[in-house]
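Only one chain is shown below, in structure tokens, and it's the form predicted alone.
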Amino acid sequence: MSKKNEIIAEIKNISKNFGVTVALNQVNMQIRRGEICGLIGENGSGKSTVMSILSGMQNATSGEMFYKGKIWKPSNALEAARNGIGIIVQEIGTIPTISVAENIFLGNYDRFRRYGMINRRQMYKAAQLVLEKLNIVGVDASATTDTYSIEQRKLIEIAKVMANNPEILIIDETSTAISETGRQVLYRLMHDMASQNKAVVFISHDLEELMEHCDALNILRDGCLIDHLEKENFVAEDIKEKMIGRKLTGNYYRVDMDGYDSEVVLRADCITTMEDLMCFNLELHKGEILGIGGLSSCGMHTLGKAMFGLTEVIDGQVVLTDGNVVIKNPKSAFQHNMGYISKNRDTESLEINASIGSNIQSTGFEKNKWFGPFISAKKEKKYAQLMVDTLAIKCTGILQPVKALSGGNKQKVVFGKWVGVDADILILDCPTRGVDIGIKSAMYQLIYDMKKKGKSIILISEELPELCGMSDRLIIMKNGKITGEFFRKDGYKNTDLIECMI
């Protein structure tokens, strides 16, 4: 019988190179039964890479692994899953065009096959039981997966992994993609697995989350394992310093009480959308960081899209006050120097298979003209390289595909698209989701610098500390309506904000 704290998997001297880039350098790690082991580090530190090797998604350049006391070298993720190692990946890991049940049992259809035919009714029933067991509500196993939100699809992915009854569950940045309700499903699952003498590896940038739920913590930096800590040795400031290799100096959030102009630059006049918003009014001022918060389903994400013309406004209008321009679609927003960063970075803010340069250059048409409609390749290259240098994007060069970057560096590319064109109004929807503390700090400074230049920013976030730390004015939403308005000059009280949310 397996014992608690018994080593179930071991990684020995694992290295991984991508050309001249060293992603992992002689990493050693043990995974124990009955334990939730956290994995933390800056973007690009090697967290996802080492777990993708353990779960069969890619091969190591050198080193060896052991699983249940035997040499472990899976040929693919399906082999790993069938042997008890499941991974919930950082990006969306479901196929949108097939049913929820087909996603949950992908690669395991044979159990429902009779006389060469798949018994779909039996498959739907079995999938629904998996969802119910995990307390995932509001998802029909027979429905097509793309009828559900990104968050619900992430919950479906959790069900997909758990349907294989894994002995090791690897969770890669999943909590940032789901609401508080979904997080509680995930946390309960993690602790249930540990209590069953199974193992969990939890990758997250949220240090508070890791310190609360993990029994041990591995810290990676630049592809090297820096330290392994047991829970009794968790000290937040020490962990941060080990993550980034230096002490964080200066201020994380804003400390100023600078106000903003009285001039209104953008407003929503009684806008109504097909969902979430009914006769909603909003004003954004010049030089203002306007925070918008609430629970995930409060309507704030729909509001951001409506303000940029991505979601149809069926009544009322979004108006740029300079010239009384009505924003009807993203083209008109872009043409009038507005920018938008989506919560769903890989599907809505980036062309993931294109290069870093192509993504940054995609908004810089006017900046890179040669004459007439013709674009200067020389200007484009210089333009993209300037953004890479300005934002300190870790890459091999502007021709590197965006999909090869870490989450934080992908987000820097998204920022580069709008910093490069010097957008006057920016709508930022969860702009620091899934990025490490060092990159968060740099992004907050960038947002503040834009404010000081007179830019106007709508900051939509599910993180109260971020909203309180950065906003001049903070609006709380619930059920598509404003339930509270607060001002930086008066101070923000969490109890007041939360009361307005629930």
Partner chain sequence: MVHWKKGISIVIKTITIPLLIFLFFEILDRLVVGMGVINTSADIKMLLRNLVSSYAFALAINANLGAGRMDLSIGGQMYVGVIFGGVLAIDLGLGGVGMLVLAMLIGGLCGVIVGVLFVNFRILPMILGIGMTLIFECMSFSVNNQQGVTIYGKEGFSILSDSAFVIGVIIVILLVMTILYEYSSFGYKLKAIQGNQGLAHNNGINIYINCIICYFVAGILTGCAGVFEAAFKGSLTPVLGMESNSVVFNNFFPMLLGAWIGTFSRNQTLGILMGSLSVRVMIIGMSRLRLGTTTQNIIVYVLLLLFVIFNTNKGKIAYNRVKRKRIAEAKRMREEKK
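Residue numbers count along the first chain shown, from 1. If you're wondering where the values come from, they're calculated on a predicted model, not measured in any experiment.
There is another form of the same protein, the form predicted together with the partner chain; it is not shown, and what comes next is about it.
Trainee: With the partner chain left out of view, choose which of 326, 134, 118, 295 has a non-hydrogen atom within 4.5 angstroms of it in the model of the complex.
Mentor: That would be 118.
Trainee: With the partner chain left out of view, which of 152, 273, 204, 90 would have a heavy atom within 4.5 Å of it in the model of the complex?
Mentor: Of 152, 273, 204, 90, the residue with a heavy atom within 4.5 Å of the partner chain in the model of the complex is 273.
Trainee: So which stretch, 282-290, 187-195, 306-314, 228-236, is the one near the partner chain in the model of the complex (non-hydrogen atoms, 4.5 Å)?
Mentor: Heavy atoms within 4.5 Å of the partner chain in the model of the complex occur in 306-314.
Trainee: Within 4.5 Å of the partner chain in the model of the complex: all of 107, 123 and 277, by heavy atom?
Mentor: Yes.
Trainee: Using a 4.5 angstroms cut-off on non-hydrogen atoms, would residue 102 count as touching the partner chain in the model of the complex?
Mentor: The answer is yes: residue 102 has a heavy atom within 4.5 Å of the partner chain.
Trainee: Quick one: does residue 390 come within 4.5 Å of the partner chain in the model of the complex, counting heavy atoms only?
Mentor: No, residue 390 is distant from the partner.
Trainee: Considering only heavy atoms, tell me if residue 98 and the partner chain come within 4.5 Å of each other in the model of the complex.
Mentor: Because a heavy atom of residue 98 falls inside 4.5 Å of the partner chain in the model of the complex, the answer is yes.
Trainee: Taking heavy atoms and a 4.5 Å cut-off, does residue 181 contact the partner chain in the model of the complex?
Mentor: Close contact is absent here: in the model of the complex, residue 181 is far from the partner chain, nothing within 4.5 Å, heavy atoms only.
Trainee: Closer or farther: the CA pair residue 157/residue 412 in the model of the complex, versus this form, with a change of 3 Å or more?
Mentor: Relative to the shown form, the pair is farther apart.
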